[in-house]
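In structure tokens, the next block holds one chain alone, the form predicted alone.
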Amino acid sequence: MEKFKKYIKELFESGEIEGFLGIRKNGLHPVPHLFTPEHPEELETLTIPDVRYPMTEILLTIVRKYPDKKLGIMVRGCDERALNELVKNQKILPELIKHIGIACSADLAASCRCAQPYPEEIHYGEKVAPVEDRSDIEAIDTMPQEERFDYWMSEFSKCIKCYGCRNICSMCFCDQCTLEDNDLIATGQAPPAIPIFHLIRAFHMAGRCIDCGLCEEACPAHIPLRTLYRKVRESMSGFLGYVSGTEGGEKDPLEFLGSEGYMVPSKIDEK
């Protein structure tokens, strides 16, 4: 850990970064914190616990306030996938963001059932074996169609419309949220009309979800949101050949339908 702290300090001293979004010990609780070169002594509180936070969502908030700052961010495998999508969607400039990679422990990888529990470059920790587990999807896929419909309608009926799934999601970066459009989702109504609220969000997650699972962790009603989004993510890969979270290439094909004012790619114009 001391070696890792020294590395961050050297990045400050060289001017390579002007801030580092990591996790610090605050009493007994590890919490996200923006470390700065003006307060190098705070690095003594830097910690890397087996807990996860929506680091890239927090980064977006900082970037919006300080768009020209060079920032480092502690990234696990899921965080790096999120950053890749944010770059594709022009929400961050890659030259201003330095990935400081953290490999997840075997226990955390198993808990998250993570197929990529480490980033491309690791500055702390060691690679552990990926966990390939589709048992949640397979269990539902084996149900007859009517039973699957009843299952999801029952799960969606638990929703209290707290927006926890949206608020914790690094991929919910639209300037105007469809889930707050009164023509689609009636305001002042809780629970929301079933199943439109979750179908709209599932459609938006189809080409964005990076399978971090934080939405399901945040849901107070314990709706299996990750299972739903993993399924639509797989469908995007199978039908359109797009895997969200991968580095480089074009953004989500569904974005070219007109949402957010994205332009149609030139290669489509040429057909």
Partner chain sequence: MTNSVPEFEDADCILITGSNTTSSHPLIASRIMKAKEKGAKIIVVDPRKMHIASLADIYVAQNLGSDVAWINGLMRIILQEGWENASFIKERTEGFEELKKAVAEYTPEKVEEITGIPKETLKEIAKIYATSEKSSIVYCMGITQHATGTDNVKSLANLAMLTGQIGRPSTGVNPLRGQNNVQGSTDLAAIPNVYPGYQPVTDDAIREKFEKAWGVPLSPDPGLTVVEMINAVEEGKLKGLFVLGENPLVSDPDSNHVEKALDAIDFLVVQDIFMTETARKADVVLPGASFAEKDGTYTGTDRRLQKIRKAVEPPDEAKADWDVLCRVGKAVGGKGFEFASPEEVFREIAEVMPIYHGITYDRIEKEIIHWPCRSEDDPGSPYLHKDGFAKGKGHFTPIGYKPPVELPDKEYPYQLTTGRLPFHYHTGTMTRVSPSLTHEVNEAFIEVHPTNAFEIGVKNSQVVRLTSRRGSVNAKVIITNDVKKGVVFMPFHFAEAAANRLTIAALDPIAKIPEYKVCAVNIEKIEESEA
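Numbering follows the first chain given and starts at 1. Source: prediction; values computed, not measured.
Only in words, not in the display: the form predicted together with the partner chain, which the text now covers.
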* Given that the partner is absent here, does Glu180 sit within 4.5 Å of the partner chain in the model of the complex, heavy atoms only? -> yes
* Indicate whether the partner chain has at least one heavy atom within 4.5 Å of a heavy atom of Ile160 in the model of the complex. => yes
* Could you confirm whether Ala202 comes within 4.5 Å of the partner chain in the model of the complex, counting heavy atoms only? => no
* Determine whether any heavy atom of Gly125 comes within 4.5 Å of a heavy atom of the partner chain in the model of the complex, and answer yes or no. => no
* Among 106-114, 73-81, 160-168, 141-149, mark the stretch whose residues have heavy atoms within 4.5 Å of the partner chain in the model of the complex. => 160-168
* Listed residue that, although the partner chain is not shown, lies within 4.5 Å of it in the model of the complex (heavy atoms), from Thr187, Gln90, Ser135, Gln176 -> Thr187
* From first to last in sequence, which residues of 220-235 have any non-hydrogen atom within 4.5 angstroms of the partner chain in the model of the complex? -> Pro220, Ala221, His222
